Structures are given as structure tokens and as C-alpha cells.
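What follows is a single chain, given as C-alpha cells, in the form predicted on its own.
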Amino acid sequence: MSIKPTLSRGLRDLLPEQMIARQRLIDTVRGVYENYGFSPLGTPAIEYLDVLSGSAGQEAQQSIFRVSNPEDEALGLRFDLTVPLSRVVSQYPNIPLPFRRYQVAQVWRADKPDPGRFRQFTQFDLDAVGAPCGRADVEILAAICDSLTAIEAGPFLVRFSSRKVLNLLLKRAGIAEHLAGDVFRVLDKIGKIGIGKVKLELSAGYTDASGDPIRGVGLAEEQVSIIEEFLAIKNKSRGDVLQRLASFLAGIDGSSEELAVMEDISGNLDALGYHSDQVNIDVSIARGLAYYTGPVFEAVLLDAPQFGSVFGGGRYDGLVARFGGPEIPATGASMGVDRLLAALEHIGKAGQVKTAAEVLVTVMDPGLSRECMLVAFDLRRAGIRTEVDVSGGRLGKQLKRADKLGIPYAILLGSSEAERGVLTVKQMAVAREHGAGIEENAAWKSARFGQQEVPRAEIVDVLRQLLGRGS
């Protein structure tokens, strides 16, 4: 019985073209993180269920993939990298604090798949555990900006707010503390469903387009009006938003202290050159996970806003204490690699490279296959990514494959070249461009578009120059 080759919903294969773009993005962002002094960490994909459960709210709890082992223990696949980090800090008390780590790994969530949203996806996190609110949060925001700039993602906007400001909103609107999670969950959806449906869900609820009932939080009309007034506090200037927040929250206990924290973050960002056109204050940001306790961040690509946030994070000062240790301040952010790549692909900035190879050494004559391999290994030892043909096919087929994969250079070694101690280097793009209008094979061969003969001893230096690496 044959098995149908297919994947479960929300999962996907990543073919070489996608993996190359992914790896280049990760390598670029890793360079930014390490430039900030963050160090790598690895943790298992599987954690005890009680480690994952109850750490990030009801929605995250429902999205956990549960697994079992031969010992029949209750386990789950990690849904993010922050909870495992908190477990690590608690489990290894000798780790020097602040612990500044980055981690890139797969996570799993049993969510409804959407464009750019999968059930298995890659996160790339950076966190500072043991760092009080202030400079560490500024560094996270700056690293988000630097990462998006380094990968040439185009125009972007990083938005930040604070969970403590949202708590002050609850006081201003007279909303009971036990409703905070539900209110924040609804506010976090404003970018997807709009202010109209947010108001309905905060009050009596509504029926969505599919006919499913959306349960309301049950707030009074006056409370919803106060929230709407709060959400209307917007401006391109961080300073103006802070002034309007101060007026809105005047007289609310604790507002001056929390707004001073946000003013300090904003001032530091200005001093470092990250102004309101790159990092703005957006009071609607709540972030869906329940463990956030202070500043929260999101980043969107302005050319692909429909993909939502490609970076997200915030401060989570109470998460480590879940494991029985002291309350340790922490802040961080996570890059959604899959969503970011989907957005970059949509705007044509993901790259179209289908192979890592820069050079294909063809084999025209089986009797010269050993010399062809020697050429390939000379290039590899010089750091030039090289494939040597192992198919045994005709030269035309080898070159057609190189062209299809986008390998920029091919090396030809026939008996004539071998006798004269030379190699023919073929620049595939030139040959394709100039040979497009020639229909007869003989004419195409005689034209030798994009070809040059190179002494065997000089092949490494010539290819380095062609690839822009000097001699």
C-alpha cells in the first residue's frame, strides 16, 4: 500500500531556496545580536507540561502540543523560547546575571494557520535576564531596529507601550483586576479586527463572519468609552503621546512613576539616534501572552503591514519566580523568522538564491574527472563555494542545471584546455543574456558569450576577483 506524501495542516517543508534565504537572514541577525554582546543558548524542544502550563495565559495554554515519552510523563512542545529560558535561569543559579542570551529554534503552537502563520515555526530571541527596567529595554528596541536595517527589510516601525500603563487604564475606567487578561487579549487584536469589533467584544460580544459567537468581556458602555478615548491617543511624536497620556491619567495613583519610565526610554532612544520615525509609542499594544509586566514592543514592515508584527516582546519580571526562586527582572524580544520571511517574499526582498554554490565545475570528459575534482577542491580550500558535477550527463545538461539553479560561474575543462594548461570560465548570466536571440546551436557555441580562458594556476585568483573578493 502506497502512502500519500502530504503534510499535516499548518506545517510545511522548506526547500533549498527557502532555507538559503532563512539562513542568510538568521546569520545577519545573529551578527547584530552578537555585536550587542548576547551569547547563544540551546534548550530542548520538549519540556514538562507543568513548566509550560500556566505561564502565558489561557490562549497559550490551549495551543500547547502535548507529547509523551516511554515513561508516560506529561510533556509538551515549547510554544516559545522565553519560558524555557526562565526555567534555565532558575535551574542553574550560578549563571552570572545579567544573563544576555540569544536563541534561534523551532516552536509549536496549535493555532489556526494564516498567511505567514504556521503551527511549527522558528523564533529568534534575544533577552536580558537580571536587568532592571531602563537601559536593557532600550537595547532591545535598538537591536530590533538594527536587525531590520541589517537585513534590508525596507521601511519599518517599532512600536512600544507598557503593560503598567494598561493597568493604569483599568484603574481609570474602573475595571476589575480579574478582567485584565480578557481586556488585554481583546486590545491585542485591534490591528486585526478594528476598533468597532474591539468595542463589541469588550462589551456584549458579537457574531463573526463565519457565524461563530464571540463572547464579550461584559464591560459597561462608559468603561468602553474610556478605553476608546485611551486608544485614540496617537501621534507621530513620542513626546506628544506622553503628554497626552499624562493628561489622560492625571490623578491616577502610580501614573507619574510609570510615565517617567517611558519618558526615560524615549529620551535614551533619541540620544542614540532612534527617533519617532523608527520607534513610536502605540498605547494599543498589549501583547497576547500573560507574562508581560512592563514595556512591550512590536515591529511591523510598512510595506507589508498585513503580515502583522515580525518582532514582538517586552518585560517579564515575574516569570522566573514561577520556579520557586526570587523575582528576577527580565526583558527581551522575539523575531518571527517565518512571518518575516513571508513578508519579505511578498515585497520581493527575500532573495531568490536556489543553491549555495557559486561555481560549478563541469565534467566534459570522464577521463579528466580527477583533474576536475582537483580544481573543485582547490576552489573550496580557498573559500569559494563549489559544486563538481557528479551526474555524468552531457555538458549542455550540466550547464542548463547550473543556469536553472542560478550558479553564477561554470568551469569547463576539455582535452583542448587540458593540453594547454587552461580552464574556461563561463559567466552564466552573460551567456544567458547575449545568447537569448541565437537559435542555432553552432552559432551559439562559436560566440562563446561570457567565456574566458584562465591559466590553471590562476583560477583561484580570477574567481575571487569575479566574485568581488579581491585576489
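One-based numbering along the sequence shown. Keep in mind that what you see is a predicted model, and the values were worked out from it rather than measured. Note that the rigid core is defined as the largest set of C-alphas that superpose within 1.5 Å between two forms.
We do not show the form predicted in complex with another copy of the chain, though everything after this point is about it.
Another copy of the chain is not drawn, but in the model of the complex it has no heavy atom within 4.5 Å of Lys426. Although the partner is absent here, Pro455 is not a contact residue: none of its heavy atoms lies within 4.5 angstroms of another copy of the chain in the model of the complex. Residue contact with another copy of the chain in the model of the complex: Gly154 places no heavy atom within 4.5 Å of it. Using a 4.5 angstroms limit between non-hydrogen atoms, Ser369 touches another copy of the chain in the model of the complex. With the partner omitted here, the stretch from 136-144, 174-182, 193-201, 209-217 that lies within 4.5 Å of another copy of the chain by heavy atoms in the model of the complex is 136-144. Contact annotation for 11-33: residues with any non-hydrogen atom within 4.5 angstroms of another copy of the chain in the model of the complex are Leu11, Arg12, Asp13, Leu14, Leu15, Pro16, Met19, Ile20, Gln23, Asp27, Arg30, listed in sequence order. Shown in the overlay between this form and the one not shown, fitted on the rigid core, is a CA shift at Gly37 smaller than 2 Å.
For Arg456, a C-alpha deviation of 2 angstroms or more is recorded between this form and the one not shown after rigid-core alignment. In this overlay on the rigid core, Ser68 has a C-alpha that sits 2 Å or more away from its partner position between this form and the one not shown.
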